[in-house]
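Consider the single chain below, provided in structure tokens and representing the form predicted alone.
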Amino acid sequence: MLSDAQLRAQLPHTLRQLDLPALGSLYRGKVRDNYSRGDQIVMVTSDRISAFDHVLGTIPFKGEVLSRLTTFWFDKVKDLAPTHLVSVPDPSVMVVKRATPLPVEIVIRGYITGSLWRDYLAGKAGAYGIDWPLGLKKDQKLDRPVITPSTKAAYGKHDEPISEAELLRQGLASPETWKEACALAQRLFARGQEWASSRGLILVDTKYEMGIADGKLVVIDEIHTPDSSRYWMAKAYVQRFMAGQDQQMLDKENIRQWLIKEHGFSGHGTPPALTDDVRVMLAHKYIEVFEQLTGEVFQSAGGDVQARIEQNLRKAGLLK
């Protein structure tokens, strides 16, 4: 684990964005800068952090953690699903095959917590077309993993819950593709939960993005990262659940809870600025889950992330 001093030293060098028009046509998402040319995309994972559909700032080493974890997980599930990964020229960069993304996020949940719990309390959880049991408790394990799809909104707008019936009615996916995507999500989630359990963690919920490439359904973007997934420490779960205490979280929910509890912010209006202390705290959480999942000590050269990426892209022949 990197020290506080090492994380603070990286604060001025985080990657906010990468402007390299020579790589191709740019699409800038909440976290990734994607440069496309032909059927290939250079996917740069920045250090930006977003919550409630707002970009809040940057976290030291976050892009590298997400990218390295995604390639780790792509390897873990290669027998279950094809992915769009082609090569990894830099710790924060993946070269991927272009795919036509499904216009929905496939969210799968093993526990009722986070936004689903907030919706359940407010009586809004029926938007998924699911008849939820009465009397559920916060952080309770569900009888079986449940898929709760959401629409994919542009930056600054909110993803919205949608039922299976409604997404099929709108033609967001064909019945055959949706059935295949849900079955694949269930298999991926089972594999993720199994591995997380072996590492002392609970994979609570996650979201998958999928697309069509060469006529086949493929997994795209990221998988089982602390941005797209919720992780709890397994050994503390039962005691904390029985006591009604918050779980020990190793994911982006830490920043959501900071925004809600400290600033009353849940997506409306202007988000508060992140303090350096919060940025360092989050960096520790991201690195901790990386080390817990992979069994590796996280090491990085640090320093100017953009300069390193440019150098590695030139070595790979992707940038002249």
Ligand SMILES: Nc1ncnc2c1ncn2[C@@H]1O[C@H](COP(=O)(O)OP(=O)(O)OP(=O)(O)O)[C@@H](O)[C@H]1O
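On a predicted model such as this, the values are computed, not experimentally measured, just so you know. Sequential numbering from 1, following the sequence displayed.
Just so it is clear, the following notes concern the form predicted together with the ligand, a form of the same protein that is not shown.
Student: Okay, which stretch from 170 to 178, 96 to 104, 142 to 150, 121 to 129 lines the ligand in the predicted bound form, with non-hydrogen atoms inside 4.5 Å?
Tutor: In the other structure, the partner sits against 96 to 104.
Student: Any chance E209 has a heavy atom within 4.5 Å of the ligand in the predicted bound form?
Tutor: Contact check for E209: yes, within 4.5 Å of the ligand in the predicted bound form.
Student: Considering non-hydrogen atoms and a 4.5 Å limit, does the ligand approach L116 in the predicted bound form?
Tutor: It does not: once the ligand is placed as it appears in the predicted bound form, L116 has no heavy atom within 4.5 Å of it.
Student: My question is simply whether R256 lines the interface with the ligand in the predicted bound form - judged by any non-hydrogen atom within 4.5 Å.
Tutor: The answer is no: R256 has no heavy atom within 4.5 Å of the ligand.
Student: Using a 4.5 angstroms cut-off on non-hydrogen atoms, would H284 count as touching the ligand in the predicted bound form?
Tutor: No, H284 is distant from the partner.
Student: Of V31, L56, L69, V289, which one comes within 4.5 Å of the ligand in the predicted bound form, counting heavy atoms only?
Tutor: Flagged contact: V31.
Student: Would you kindly say which of V204, I220, L188, A196 lies with a heavy atom within 4.5 Å of the ligand in the predicted bound form?
Tutor: Result of the distance check: I220.
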